[in-house]
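In the form predicted alone, a lone chain appears below as C-alpha cells.
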C-alpha cells in the first residue's frame, strides 16, 4: 500500500431543499475525486438543514434506516464508480423513537464497511441535539479501507480526547470529524473557531495521527456556520484549510509522517492505563 494518500473534504451551505443539498454535494464529490481525492468526507448531516436549532417533533420524520435510505445507496454506488472511500453522515432511524446521528463508511468497491454513531450529544441554545439523537453505541470502530485505516468521530465527539485516543489505539491513521459548528446564540460576541482548530488539531499531536475536519458553512435560519474545514498533520500543524466559502479541500498526506511523530513523541509507548481508573468515574471535585 502506498503511504501517500489524498484526502478530500466537501464543505457546503445547506438549504431547506434536501434534494438540492444532495445534488450539490455529489457534484463536489465528483470534483474532489477528479482532483485526485481518494478518501472523501462529507459534513455532518450533509443533506439536511441543521434541524437541532429548535425542538420540533416533525424533525424525526427526516430519519431513515440504513436499509431504507436511498441517499446511502446512491452514494455507495458513487463511491464504487469513482473508486473512492466515502464517509457519509446521515440521520439514522434505528427503531421507532430511537434515532442516531451516524456516519456510513463506503470502500472503493461501494461496499458498506460499517457505521459510526455519534457518542457525545450536546445540548444548548440552538444546539438541541439531545431531543433528536440517542448517544451512540457503536464502540468507536476503525475501518480498514483500500487507502488506510480510518476512524470517525462526529462533531461534539471531536472535542473529547478519549475518542481520539481510542481510535488511535485501535489503529486509525487518519481521524475524520464531520461537523456542524458555528455561532453561539448566548455568546454572540464569541467565535469558537480558534479554539476549535487548536483543540482538534491537538489530537494529532497526542496520538500521532492525521486529522481531517469538515464543517458546514453559511447561514441557516438563526445559525451561522463558519466553515474552516481543515487537515492537520501528526505534529498538529494545519497543512490545508478552507475559509468560510463553499468548496472542496484536497490534500495529499504521507503516512510515513505518523512514524516520524511517534518516534519523537512517545505518548503511546509511555501510557500508564493501569493508573487511569479515575477516568471511569464520573466525579467532579
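Numbering follows the first chain given and starts at 1. This one's a predicted model, so the numbers in the text were calculated from it and none came from an experiment.
The same protein has a further form, the form predicted in complex with another copy of the chain, not shown here; the description that follows concerns it.
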Note: exactly one of 94, 113, 202, 108 sits with a heavy atom within 4.5 Å of another copy of the chain in the predicted bound form, namely 202
81-89, 164-172, 208-216, 68-76: which one contacts another copy of the chain in the predicted bound form at 4.5 Å, heavy atom to heavy atom? 164-172
Though only this chain appears here, would residue 270 touch another copy of the chain in the predicted bound form if you measure heavy atom gaps against 4.5 Å? yes
Is the gap between residue 236 and another copy of the chain in the predicted bound form 4.5 Å or less for some heavy atom pair? yes
Residue 148 within 4.5 Å of another copy of the chain in the predicted bound form, heavy atoms: no
Taking heavy atoms only, is residue 22 within 4.5 angstroms of another copy of the chain in the predicted bound form? no
Are 12, 244 and 256 jointly within 4.5 Å of another copy of the chain in the predicted bound form, each by at least one heavy atom? no
Within 115-137, which residues come within 4.5 Å of another copy of the chain in the predicted bound form, counting heavy atoms only? 119, 120, 121, 122, 123, 130, 135, 136, 137
